[in-house]
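Let's start with one chain on its own, the form predicted alone, as structure tokens.
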Amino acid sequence: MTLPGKAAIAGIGATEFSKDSGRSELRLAAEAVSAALADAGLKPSDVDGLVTFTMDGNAEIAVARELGIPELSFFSRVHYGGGAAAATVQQAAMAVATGVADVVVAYRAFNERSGHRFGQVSGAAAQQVNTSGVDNAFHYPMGLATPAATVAMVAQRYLHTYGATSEDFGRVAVVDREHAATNPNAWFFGQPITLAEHQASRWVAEPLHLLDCCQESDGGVALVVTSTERARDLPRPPAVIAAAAQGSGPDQYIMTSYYRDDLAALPEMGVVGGQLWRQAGITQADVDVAVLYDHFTPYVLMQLEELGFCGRGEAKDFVRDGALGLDGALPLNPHGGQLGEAYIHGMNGIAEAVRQIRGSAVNQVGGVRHVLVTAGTGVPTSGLVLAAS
């Protein structure tokens, strides 16, 4: 039994993206799932599986109750924050491919700006009575107590090792904001930035400027997964799950793996990439659009290298040549990414990949057959290749 091609994303749904939703996270989840089912032409009674993040505050049974989903034969959660994004679809696809469930909805909803803010120092993270608490207890007392602070260490090492500059990081932010500026659903709609504005933005944790860091957003996104055969009979063109993978690397920690010989690398993304190319039977040259997890700009450059679009240390030249624009060699995040559209833990990027396959995106790239999607980096992570049917 193999996974590639057996399941497809047949529906996508989302709330608006805001900084203050004014409603509960459970309501956001219910709205997103309802919208995704409507998009797929399905009813709550068709759903028999739900999957989300361990970090999501909305229990599967609570979402089922709110929507009137009568029974669940499959429910699952994936750990490691944003690294779970593509893995929720992988879990759903595996359930469908093995006959455990027929229609599985992956969802993520939170008030991450108006409620609990991930970007703030959290003493509780180092006080957890588990191994994550032990890991955090080594670096939190040293002042490395936010995601930006931990990533800054890797970013500084990357600059030192490969001769990249802060402007190279900024080029990612500029591209994302350029694409968000023409996306009416993006928080930064109509608000592009220049490289000079990136450079002038305040330091968050040197060498990371404010505009190197993703947003904090309120909102929800849901994705309906069913068999490819069934999806072809539904109203929307299916986005076939041609490949789905998870991966962690040696000496893996969270956000920054401090004890690796090569600090300026993301080997877990290399683990994911190798699986994706093998499963999908394609190479990097076959990728028409890349939706790369962009919580911090340096990790976009490092992903390009780990995934084989360029050699180690060569991403700076790749982005300088304009490859990431809509008419470039590898269009990046046409929706604006988490830097420009919203930070919904990467799930909004998967929705954009589906739109690109359907041909319905606001910033539609021509002739799309394959879209690469990655999940959170610096943590155990995941990825997808979605393909036209």
Partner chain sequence: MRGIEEAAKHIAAQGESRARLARDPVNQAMVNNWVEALGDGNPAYTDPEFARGSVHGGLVAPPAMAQVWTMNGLHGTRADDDPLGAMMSVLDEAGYTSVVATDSEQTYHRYLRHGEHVAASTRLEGVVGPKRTALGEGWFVTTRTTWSVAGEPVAEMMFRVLKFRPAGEPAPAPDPAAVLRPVISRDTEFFWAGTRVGELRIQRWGGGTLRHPPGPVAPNGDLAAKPDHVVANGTGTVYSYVVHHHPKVPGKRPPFVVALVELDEGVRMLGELLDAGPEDVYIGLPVEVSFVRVDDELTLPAWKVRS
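Positions refer to the first chain, counted from 1. The shown structure was predicted, so the numbers you read here are calculated from the model rather than taken from an experiment.
Below, we turn to the form predicted together with its partner chain, even though it does not appear here.
Enquirer: Quick one: find which of 306 to 314, 287 to 295, 196 to 204, 81 to 89 has residues within 4.5 Å of its partner chain in the model of the complex by heavy atom distance.
Expert: It is the stretch 196 to 204.
Enquirer: Within 4.5 Å, heavy atoms only, which of Gln279, Thr182, Ser248, Gln156 is in contact with its partner chain in the model of the complex?
Expert: None of the others qualify; the residue that does is Gln156.
Enquirer: Answer with one of Ala265, Ala149, Leu234, Ile254: the residue that has a non-hydrogen atom within 4.5 Å of its partner chain in the model of the complex.
Expert: Selected residue: Ala149.
Enquirer: Consider Gly115 of the chain shown here, and say whether it contacts its partner chain in the model of the complex, taking contact as heavy atoms within 4.5 Å.
Expert: No, Gly115 stays farther than 4.5 Å from its partner chain in the model of the complex.
Enquirer: Taking heavy atoms only, is Leu72 within 4.5 angstroms of its partner chain in the model of the complex?
Expert: Heavy-atom contact with its partner chain at 4.5 Å: absent for Leu72.
Enquirer: I'd like to know whether Arg260 contacts its partner chain in the model of the complex, with contact meaning heavy atoms within 4.5 angstroms.
Expert: The answer is yes: Arg260 has a heavy atom within 4.5 Å of its partner chain.
Enquirer: For Ala126, is any heavy atom within 4.5 Å of its partner chain in the model of the complex, or not?
Expert: Ala126: yes, in contact with its partner chain in the model of the complex.
Enquirer: Listed by sequence position, which residues of 120 to 142 have a non-hydrogen atom within 4.5 angstroms of its partner chain in the model of the complex?
Expert: Sequence-ordered list: Gln120, Val121, Gly123, Ala126, Gln127, Gln128, Gly133, Val134, Ala137, Phe138, His139, Tyr140, Pro141, Met142.
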